[in-house]
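So this first bit is one chain, no partners, the form predicted alone, shown in structure tokens.
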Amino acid sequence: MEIGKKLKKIKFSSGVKKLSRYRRHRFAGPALLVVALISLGATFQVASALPSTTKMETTAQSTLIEEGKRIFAQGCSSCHGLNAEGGGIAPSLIGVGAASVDFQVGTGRMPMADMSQQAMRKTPIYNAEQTAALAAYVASLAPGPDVINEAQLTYERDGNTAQGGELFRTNCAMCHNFAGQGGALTQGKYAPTLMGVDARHIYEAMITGPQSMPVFSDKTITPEEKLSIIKWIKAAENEPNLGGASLGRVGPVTEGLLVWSLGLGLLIGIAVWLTAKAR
């Protein structure tokens, strides 16, 4: 055993001496420098050829924001200010978030020609890509509610229609009518109908509070409860009118008014006709 150990020590010592001899060679320094440069260049080349996903996403987001800034300067800055700081006829957009832009622009409410009137839902002026660019630009100004994506709108699976109806009658019916048909408010304003509205825009309206609508935070109405409200609205939207004309679905009030107006008008007409005939 001791002989074997001595042989290993002798071999090791001889190897170290050979390496020391090569280390002192005059070409050793330049050779090591060349090897180091080649290794460094190869490593840099591989790193450059495989850009990270984060870097690509950042570049795409920056491009989207720049496009949104360009669209904003052309179509929105005249009312909301060059830096979205707001003006005499339009509010500041700093901090409203991408969800607010997606709702207002996606439903055609913005841009609007007459700021003295309530913004109405109409055919959007900007397409989906332009709306996304505008939302990205406004979101880059300050933190705010983000756009709701399809993965979050699982109301068909996670929503509860009965719970949604109860929540709607408690929080929404006083303005939007107990059937979601809309209703009049003070000072010439109104709560629009919720029939035919995209589920994403309903959710975004709840978290942004457009115009006279209050903001329903996740502490007030949880995300699961919001999905239940949307599910109830969609159920009411698809409910058939078995009795004929819906008349706004506000119950016996409009039905009684209609019958009273038609009946009274008919009686007046008959009375006039009889009077004219008696002469």
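Just so it is clear, the model here is predicted, and its values are computed rather than measured. From 1 onward, residues are counted along the sequence shown.
Heads up, the form predicted together with a small molecule isn't pictured, but that's what we're talking about next.
A.B. asks: Report yes if all three of 91, 190 and 213 come within 4.5 Å of the small molecule in the predicted complex by some heavy atom, otherwise no.
C.D. replies: So, yes: the whole triplet contacts the small molecule.
A.B. asks: Considering only heavy atoms, tell me if residue 107 and the small molecule come within 4.5 Å of each other in the predicted complex.
C.D. replies: It does: once the small molecule is placed as it appears in the predicted complex, residue 107 has a heavy atom within 4.5 Å of it.
A.B. asks: Please tell me whether any heavy atom belonging to residue 139 falls inside 4.5 Å of a heavy atom of the small molecule, as the geometry stands in the predicted complex.
C.D. replies: Close contact is absent here: in the predicted complex, residue 139 is far from the small molecule, nothing within 4.5 Å, heavy atoms only.
A.B. asks: Indicate whether residue 172 is a 4.5 Å heavy atom neighbour of the small molecule in the predicted complex.
C.D. replies: Residue 172 belongs to the contact set for the small molecule.
A.B. asks: Would you classify residue 178 as touching the small molecule in the predicted complex, given a 4.5 Å non-hydrogen atom cut-off?
C.D. replies: No.
A.B. asks: Taking the small molecule in the predicted complex as the reference, which of 86, 182, 124, 75 has a non-hydrogen atom within 4.5 Å?
C.D. replies: Of the candidates 86, 182, 124, 75, 75 is the one lying within 4.5 Å of the small molecule in the predicted complex.
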